[in-house]
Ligand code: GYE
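Consider the single chain below, provided in structure tokens and representing the form predicted on its own.
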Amino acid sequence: MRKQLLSTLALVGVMALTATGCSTDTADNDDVAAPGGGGGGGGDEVITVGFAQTGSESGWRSANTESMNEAFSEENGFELVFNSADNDPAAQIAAVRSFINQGVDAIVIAPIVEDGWDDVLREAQDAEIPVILEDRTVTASDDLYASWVGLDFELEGQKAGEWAAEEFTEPTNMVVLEGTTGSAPANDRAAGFDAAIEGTPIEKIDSQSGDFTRDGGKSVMEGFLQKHGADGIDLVYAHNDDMGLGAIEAIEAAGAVPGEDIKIITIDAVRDGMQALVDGKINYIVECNPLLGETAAELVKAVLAGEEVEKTTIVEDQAFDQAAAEEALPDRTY
């Protein structure tokens, strides 16, 4: 009888272990996403996306981050793993490696600088995790990422330069507040502007990076004013609104009138910049639309579904003088 009872208990134990083993295997298969979008294969599965943002250096960047958070929301079927690198390229690359190690379904990157991405993009490709570039570009081979969505930075610079070329027909001393050194917008906005003013009487007398920040723009502009004097500067070309707004503070502190004594051209068209344009402290702004989240999310879903996507998606920009800014500002969403 005792032997029979032991045999019965052993059989029950084996059946329990077998049932537990099957249950564990099923759970593991459900929870662990296969490389390259195992969690994004369609249906009601949540898509886990790692987003490597540059930082929070400007009003534009804040609007861009908000757009991405809204697009990659839980309501839209995503789990967003967010990292802000505080404009440190090494930290951003480390964040992308962390996303790869976590086995996310897809990675979205707003690259701080253009160079240095080949190795980590190849690592993502080896792990079969598709990468979407957002806002900025890289110099790595385009077969290392699935797609890019952003703006035509060189055209933005060209539009700004064309306006300057029309407005300044007499000898003009210009200083430039550059964006982050090595970044795509800084490189391209400089190239576009320089090409547009070639052959004009506009002379670039100084140029320095303000890292796309308001404090940076103010500090660099203070240096320009100390070196050249307010009377020695006719025009400021700032690669973004925040640096232009910093320049306004420096110009006013020096006793000059921004927009009159020293004209200012910027790029972005965020609310604070547009208000300064309406107030006459900035003279011309070329837009750089930060609301890229929805397009980036659509690209991620399409890539994970195995669909072919365009390698490049360019979002169209506008340009504003004071009258156009007055009309647009009330409905501005960023």
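As the structure is a prediction and not an experimental result, all values here were calculated from the model. Sequential numbering from 1, following the sequence displayed.
The next section is about a form of this same protein that is not shown, the form predicted together with the ligand.
*Asks:* State the residue from F72, F193, F212, F224 whose non-hydrogen atoms include one within 4.5 Å of the ligand in the model of the complex.
*Replies:* In short, F212.
*Asks:* Between K263, R136, K159, K218, only one gets a heavy atom within 4.5 angstroms of the ligand in the model of the complex; which residue is that?
*Replies:* Among K263, R136, K159, K218, a heavy atom within 4.5 Å of the ligand in the model of the complex occurs only for R136.
*Asks:* Taking any heavy atom pair closer than or equal to 4.5 Å as contact, tell me whether P258 reaches the ligand in the model of the complex.
*Replies:* P258: no, not in contact with the ligand in the model of the complex.
*Asks:* Contact between Y284 and the ligand in the model of the complex at 4.5 Å, heavy atoms?
*Replies:* So Y284 does not count as contacting the ligand.
*Asks:* Quick check on K301: any heavy atom within 4.5 Å of the ligand in the model of the complex?
*Replies:* Contact check for K301: no, nothing within 4.5 Å of the ligand in the model of the complex.
*Asks:* Are any of the heavy atoms in C288 no more than 4.5 Å from a heavy atom of the ligand in the model of the complex?
*Replies:* Yes, contact at 4.5 Å.
*Asks:* Taking the partner as it appears in the model of the complex, which of 123-131, 92-100, 76-84, 181-189 has residues with heavy atoms within 4.5 Å of the ligand?
*Replies:* Of the stretches listed, the one contacting the partner is 181-189.
*Asks:* Suppose contact means any heavy atom within 4.5 Å; which members of 142-181 contact the ligand in the model of the complex?
*Replies:* Sequence-ordered list has one entry, F153.
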